[in-house]
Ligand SMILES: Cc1cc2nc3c(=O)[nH]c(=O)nc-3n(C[C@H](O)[C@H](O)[C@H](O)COP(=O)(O)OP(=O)(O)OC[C@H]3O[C@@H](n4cnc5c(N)ncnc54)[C@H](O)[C@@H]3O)c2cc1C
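Shown below, as C-alpha cells, is a lone chain in the form predicted on its own; questions about how it binds or moves come after it.
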C-alpha cells in the first residue's frame, strides 16, 4: 500500500525531500532477496518508504512517527544478509548509510566510537596508523564496524581480540517507542569507556546471545575495545584482491595451515595454542574456504579445492603469529612447532609458499575473503548453523551436524566443502565458536530441502545434546524450539519486547514477537 500523502510529508519534513523515497523502482531495489537465503522467492515485501536519517535526532523522529501512525520500521547499515528484510506490508526502512562517521579513536584508553555505516576496513585503516587494531567481524571488512550491527561480531582476530559481546562499551540506543537511552559511562559523564552501570546493566536486554536484528530499536553510536597492532601502519600491498602482490610479509609475522589426523588431535592442538597464547589469528577454515580466498574464477576454485584437499590429512586450522619483538616471534614459532609435532599436525605447504603467504596474511587480517567463502560461484550459500561456548562443546556440536550434511553430500544434494567442520578458538581458548556452512545448487528443489534438513538437524542436536543456544536462533518458531529446554528464556524476551515496544513498531521477524 502507498503511504498517505500527509504521512509521507511528515517523514519528508524529518529527513528532507532528497532523503526519502517511495518510488517502486527504489523500493524494489531494497526488496531483492540475496542468494544468501535458502528460499526460492526473489523478492521480499516492499517497504512503504525508504528514509535516510543523518543522525540520532532524525532516527528518533522517524521512530516516533511510526508509533504515531501505526507503522513499523526496520533499520540496517551495510545489510549483509536477510536480517533487514520485512515480512509484510506497513514497514518504513531506515537506511543508515548517511551515519558514517568515526566519532572518536581514544588511543590512551583503547576504544573507538563509530556510527552504523562506518565499515571495518575504514576503521581498521585509521587504527593501524596509530598502532592499533580492531576485531573485524568474520562476515568481512565491508560490514558495519558498529559492534552491535555486526551480529555476534566474531572474527578472525577473536582468538586474541575477543568478540562483540565482550568488546562493546558505551552505547546510544533509540528504543522502539522513540526514547534515547545512553548506557554506562556515556549516561553519567558523557564518556564512552564503559558500557555497564551504574546499577543493573542493559547489555543482556540490548544484545543477549544473538542481536535483536532490527527487532528492538536502532543503535546509533557505540564504542568498542580496540587492541595493540604489532604490524606496519600501512600495508604496502599492490594488486587486486585476491591476487595481491605476494612478496610482502611484515617482519615478525608468519602464517601456517596445519591439518590433523582427527578431531581429537585438532581439539588438543587448539587447546595448547590457546593455553600458550601464541596466536594472533586462528580460524578453523576448511579447504573450500582456503581455496575461495585465492581463486578468481570457478575453474581456479575447483582446482585449488582438489589440490588442497589432497594435501591435508583431516580437519585443521589457519594460524597467524605476530611477534611484538624478535624474541617474542621466535618463541611463538617454536611453541607452534612443538604443538604441531605433539599432535601429529601437518602443514599445508602452498599456504606458506612465498608466492602465496603475503596475500593470505593480508586477506585474513583485512578479512576480505568472506563473501567468496560463502557466496561461492560453484554453489549458493544455503545457510549456517553455529554458536559460541567452550571450544570442545562447539567442536562436538558442529561435528554432529556435519555427519548429517555428509549424508546429503554423498547423495549429491549438497556440495562438498573439504574438511568440515569449521571451529575457531576465542580469547586464547576461553571460548569457542563453531559453524557448519551449507552450500547447494539452487535449481534443485531437493537440494533446497536438504539444506533446510541439515539446519533443523543441527537445531535438534543443540537441544538434545545440551550444546547451548546457537547464534542462528531468531524468529518465534526457532526461539520457541529452544525455549522449553533453556529455562523458558523466550518468556523474558517477550516481556522485554512488550516493555520497550508497546506498539510493536520495531519489525520483529528476526527477533521475537511480544507477549500477547
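Positions refer to the first chain, counted from 1. Remember, it's a predicted structure, so these values are computed and weren't measured experimentally.
Below, we refer to the form predicted together with this ligand, which is not included among the displayed structures.
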property: Residue (of 92, 319, 226, 139) lying close to this ligand in the predicted complex, criterion heavy atoms within 4.5 Å; result: 139
property: Interface residue in the predicted complex among 308, 219, 362, 192, criterion: non-hydrogen atom within 4.5 angstroms of this ligand; result: 219
property: In the predicted complex, residue 439 touching this ligand (heavy atom, 4.5 Å); result: no
property: Contact flag, residue 83 vs this ligand in the predicted complex, heavy atom cut 4.5 Å; result: yes
property: Residue 293 within 4.5 Å of this ligand in the predicted complex, heavy atoms; result: no
property: This ligand contact at residue 181 in the predicted complex, heavy atom, 4.5 Å; result: no
property: Candidate stretches 263 to 271, 364 to 372, 335 to 343, 350 to 358 - the one whose heavy atoms come within 4.5 Å of this ligand in the predicted complex; result: 364 to 372
